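The chain below stands alone and is given as structure tokens, in the form predicted on its own.
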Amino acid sequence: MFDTRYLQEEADICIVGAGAAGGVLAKELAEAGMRVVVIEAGPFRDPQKHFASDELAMETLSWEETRIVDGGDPLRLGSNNCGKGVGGGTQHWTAVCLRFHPSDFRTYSEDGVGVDWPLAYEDLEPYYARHERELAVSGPKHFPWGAFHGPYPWPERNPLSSNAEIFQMGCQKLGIDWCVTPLVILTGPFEGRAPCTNRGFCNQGCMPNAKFSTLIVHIPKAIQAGAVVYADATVVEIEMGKDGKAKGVVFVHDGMTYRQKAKIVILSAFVVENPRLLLHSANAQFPNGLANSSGWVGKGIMVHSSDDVYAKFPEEIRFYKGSPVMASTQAFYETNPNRGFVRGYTLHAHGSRPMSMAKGIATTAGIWGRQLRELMLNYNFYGRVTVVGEVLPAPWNRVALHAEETDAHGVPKAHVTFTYGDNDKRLLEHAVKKAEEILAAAGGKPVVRTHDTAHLMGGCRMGKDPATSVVNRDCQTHDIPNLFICDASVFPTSGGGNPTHTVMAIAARTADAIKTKTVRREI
């Protein structure tokens, strides 16, 4: 039902997007007594009714609208990136819950690349710790890397999947530290939810609700505190007042156009849609797009290089069983000058379902016909390791408005340009070689490498200097005091590990900043 409770009045907060950041913001601000409206382009799903054990059907969890891509390494945008629907990407993520390392926040100071964040690890540490407790994160008693070494609040997954076991075996033979992956997947009953049954469909939506998503945790708590969620509602413009402040947003629901006024507008619509909305909302006062006096809206987008290595084993692995990621190493995360590149990466034992494997092999490795059929007939004998490699920010990697093509609402389609830098390529080749060595040491024969990327970040980066960034350390735009941007689009650098834990930590910190600034009447 379309709840119009706040539609005829000015809300305190209007959040665009109900994903990892939007869900946290909605809960925190609604529980603080603010009148919160969340506007989400996709549906409000019921996991028991709308999730299925079907890879093809569950691709609808992703944002599938057409984006125009180009550059030296055009991105494949779809199921490995943005989600669509209440819960956003947390509906189909692997639930890997890693903290960034302290060095991720100062890559320029430490390695002379990228840019330093206006935040330090210590600024986010309390929020990392709070979410690990509140979401029942399971993980090892000792985590070997970074600043946090455990223990995690809930015990690590046991037993491991067979794919994780061969990863463990390969690492041990090579003397590489490894650990059970920290996951936001329950290892015991918690808040009325049952522990994981190893169904293995994390990327297709968790029907039993053992895997955390904002769909089942933060959004229901926000609604209980009074927040309103408009689902299937697409925001097409941010409206501005003559005083230079945001007045609210224009959105389309079921063919009708509506306006939601708000004292504060927060964009949490992710890396492609945030710049698209800001640029499309240009007016006479902001002719180059909102919050874009620096010219950095849409620039500096990053992915994680995420190539996969498949190896064939003499015995059955059956890597569709269990949670996709259950063992990892960050032994190559920090810069080592002997490797020929700076920064680093994470390697995960990463299970795969058959359609995902076949699609990746056919479209990126160029294997078709009889060879693809024969390879897939041996599906049960394959194991896989996936790279999560840091990619450095570059201004030529960007989101812009397409000059000619528009969507169903008349908004220009996103034009996404991406090319790897030389350091990115050297890092990726080193990571793939290590993945091959680990699989070979476990007794497998590396057969196929597929190219992929994951985890879009950047495009509205935070910084101290308004001339080179879009938002400040509180995610408040430099140009418009009551317009905030809060999700992975504010990342100045990408780190070398999965980013969602950092997205949620930044969102919780931003909520605290908004509460403080509101009390002090600073917005």
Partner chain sequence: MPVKEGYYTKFDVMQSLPEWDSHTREIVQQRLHGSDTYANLTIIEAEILKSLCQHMTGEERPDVIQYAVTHLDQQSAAAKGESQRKAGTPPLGKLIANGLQAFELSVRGECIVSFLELEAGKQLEIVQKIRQGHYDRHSCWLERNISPNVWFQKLLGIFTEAVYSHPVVWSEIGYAGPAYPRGYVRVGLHDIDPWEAIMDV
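Numbering follows the first chain given and starts at 1. For clarity, every value in this text was computed on a predicted model and none was experimentally measured.
Here the subject shifts to the form predicted together with the partner chain, a form of this protein not shown in this document.
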Original post:
Among 454 to 462, 470 to 478, 490 to 498, 52 to 60, which stretch has residues with heavy atoms no more than 4.5 Å from the partner chain in the predicted complex?
Top reply: 52 to 60
Original post:
Which residue, N198, T187, N423, S294, has a heavy atom that falls within 4.5 Å of the partner chain in the predicted complex?
Top reply: N198
Original post:
Considering the partner chain in the predicted complex, which of Y320, F286, F148, Y258 comes within 4.5 Å of it through any heavy atom?
Top reply: Y320
Subject >> the partner chain in the predicted complex: contacted by all of P126, A129 and S305, heavy atom 4.5 Å >> reply: no
Original post:
Is T363 close enough to touch the partner chain in the predicted complex, meaning at least one heavy atom pair within 4.5 Å?
Top reply: yes
Subject >> R353 within 4.5 Å of the partner chain in the predicted complex, heavy atoms >> reply: yes
Original post:
Is there a heavy atom of I166 no more than 4.5 Å from a heavy atom of the partner chain in the predicted complex?
Top reply: yes
Original post:
in the predicted complex, does A32 have a heavy atom within 4.5 Å of the partner chain?
Top reply: no
**OP:** Select from 375 to 395 the residues with a non-hydrogen atom within 4.5 Å of the partner chain in the predicted complex and write them out in sequence order.
**Re:** M376, L377, N378, Y379, N380, F381
